[in-house]
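First comes one chain, alone, set out as structure tokens in the form predicted alone.
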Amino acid sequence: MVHAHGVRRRVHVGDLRPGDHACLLFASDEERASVLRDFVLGGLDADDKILCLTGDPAPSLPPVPPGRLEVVALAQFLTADGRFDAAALLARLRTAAARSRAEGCRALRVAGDPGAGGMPDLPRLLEYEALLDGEFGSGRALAVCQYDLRRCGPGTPDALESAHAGSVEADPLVRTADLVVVRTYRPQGLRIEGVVDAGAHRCLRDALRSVAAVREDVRLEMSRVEFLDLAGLRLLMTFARARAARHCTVELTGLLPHLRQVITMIGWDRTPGLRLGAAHAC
């Protein structure tokens, strides 16, 4: 992940590479668990050593073979007066990175929630992030810094995001040559990108099932949908009717003008459970 003229980008957690220093700004335990699971499993596939910095209680992690995962309590890096000691943590990470190389691992993979034990003051957090940025640029490690938006004060999320090359999201539910579908959490739903034709109907149906049990309204973000055939539209209408039966709705946002026209012309805009949100920004 590279800084490009100060522009930050979103990246799937499975696409992280050594040298990347990204952040996860999460607002639910479900979102954090999803990304952390993909991060750990990706580390196993890449032959990385995984270091998880946690508060109390520690997050649940997928099963990991012995020797591949180390869990370290962030409380070890608090000073006597309860302040976060960024330098001590950095020294610990350097030692872990050297050990991972000695063990023949590709890189050290670090997941940490610096605010797990109580959010440190913002200047100290930014000092910590700057130190990490310099360390991980060597390519010997990669990191995802996790911050709970529910504990952040005004302005803190933007400042933390600015301290990273990009932000991460869960790996796609669907990733083919023509279609990508990603689970979203703020708001709950899916982001659909690419082409939905006869060959993609099963993938789209499976992705919709993944959010069928959500107990609130669901949003399908579709601004990057290049083509959606009539059968694909029917799948969305069927999903909306199922949402209506649960007293919930599905909102379609970012629709291209011609898709919106088709839905309206057929009369599907009156489908129970369906809402047409903001149109595609031309």
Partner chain sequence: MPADGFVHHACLYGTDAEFLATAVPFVRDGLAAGEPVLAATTPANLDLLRRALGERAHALDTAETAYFGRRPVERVSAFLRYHDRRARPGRRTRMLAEPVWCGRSARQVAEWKRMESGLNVLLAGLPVWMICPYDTRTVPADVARAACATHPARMDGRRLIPCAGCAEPAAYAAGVAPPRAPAPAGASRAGPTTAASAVRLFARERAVAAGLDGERLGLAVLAVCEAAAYLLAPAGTRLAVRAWEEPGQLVYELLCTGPATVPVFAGFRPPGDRPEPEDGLWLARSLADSLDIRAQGALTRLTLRVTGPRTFD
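Everything numeric here is computed off the predicted structure, so don't read it as measured data. Positions refer to the first chain, counted from 1.
Only in words, not in the display: the form predicted together with its partner chain, which the text now covers.
- In summary, the region of this chain contacting its partner chain in the predicted bound form, judged by heavy atoms within 4.5 Å and restricted to 191-199, 72-80, 148-156, 105-113, corresponds to 191-199.
- Think of it this way: in the predicted bound form, its partner chain has a heavy atom of just one of L259, L274, V13, L25 within 4.5 Å, and the residue is L259.
- Think of it this way: in the predicted bound form, its partner chain has a heavy atom of just one of R224, R234, R246, R68 within 4.5 Å, and the residue is R234.
- Proximity of L228 to its partner chain in the predicted bound form falls within the 4.5 Å heavy atom cutoff.
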